[in-house]
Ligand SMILES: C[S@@+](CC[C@H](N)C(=O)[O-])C[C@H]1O[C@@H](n2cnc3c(N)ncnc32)[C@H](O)[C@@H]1O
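In the block that follows, a single chain appears as structure tokens, in the form predicted alone.
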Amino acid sequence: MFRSWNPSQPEITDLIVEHDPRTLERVKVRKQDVLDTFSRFSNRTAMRAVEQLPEREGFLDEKELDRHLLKVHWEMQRLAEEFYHGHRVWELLRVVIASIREAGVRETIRIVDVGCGIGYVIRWMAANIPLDKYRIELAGMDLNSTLINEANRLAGAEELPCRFLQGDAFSNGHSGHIFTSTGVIHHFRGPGLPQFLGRHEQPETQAFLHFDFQPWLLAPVGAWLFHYLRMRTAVARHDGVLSAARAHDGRTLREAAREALPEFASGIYGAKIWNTPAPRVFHTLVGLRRPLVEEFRRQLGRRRSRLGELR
């Protein structure tokens, strides 16, 4: 295994930006600390990428770093567009919404995108879905103020009915009926995974959909080739491949969800291409309040075959 594919290590973007989880204030990051982390993993690819990042008096230059992060997230949005990820999310989300409506919920359904970045998924839905018809409200949340500011700038420029907030998506006042995320859940490792999932247990919350890479033997190879051809920054190329290597398999996600959320039925959706053994690039951890399960299966219709065991 290449050292840069070792799933035990963090991604570069996990380390180069830090916020105080309580105050949300930006915390300075010492460049050498980041280099030392990857040195312990003998990951020279990551070290070369970090060495290229500008610094000031030993700390990563925050303004230059923000510009770099925005470039990375713009590249990630381009990939999401090419993979029709907005369509993928809405295809499953509308089934969840219909199931919640059939259960008698008449109020506006609040959908929260956790770790939204520059908000592509929320902005795509705001631009393409008649929100009044479905009586839904769209919000994206992220700890990174730079990404949130960019998400709000883009939503304003496109005159979209959605909003983006800096903060903890599970904190008081921000809970949603449905939580969703893309490429976030693999960042939670070991006991951190059930701890993250356990925070979905809130009175309003009816469901969650977490989309992420699906691990299999050739996933890192495919990710390496794709990111090498499509990404322009060393950070994006490195983290894109490591994300595929760090992704949790379906069993790990199911077991963590069932341990943390006994009041929810959990399972994996979309693991295989049609009815073949071939894996999809993405799979989805689905969680539903138990009274919604049968209606959810019914609403899936012919796509029901894509749903694994939900319990």
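One rule holds for the numbers: they count along the sequence shown, beginning at 1. Because the structure is a prediction, the values reported are computed rather than measured.
The same protein also has a form predicted in complex with this ligand, omitted here; what follows describes it.
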property	result
Touches this ligand in the predicted complex: W216 (any heavy atom, 4.5 Å)	no
Contact test in the predicted complex: V114 vs this ligand, heavy atoms, 4.5 Å	yes
Distance check, Q206 to this ligand in the predicted complex, heavy atom within 4.5 Å	no
Touches this ligand in the predicted complex: P194 (any heavy atom, 4.5 Å)	no
Contact at I97, L138 and V286 by this ligand in the predicted complex, all three, heavy atom at most 4.5 Å	no
Among the candidates L93, L154, A223, M76, the residue which, in the predicted complex, approaches this ligand to within 4.5 Å (heavy atoms)	M76
In the predicted complex, the residue from L160, L143, I129, A234 that sits within 4.5 Å of this ligand by heavy atoms	L143
In the predicted complex: members of 152-184 within 4.5 Å of this ligand, any heavy atom	G167, D168, A169, F170, T182, G183, V184
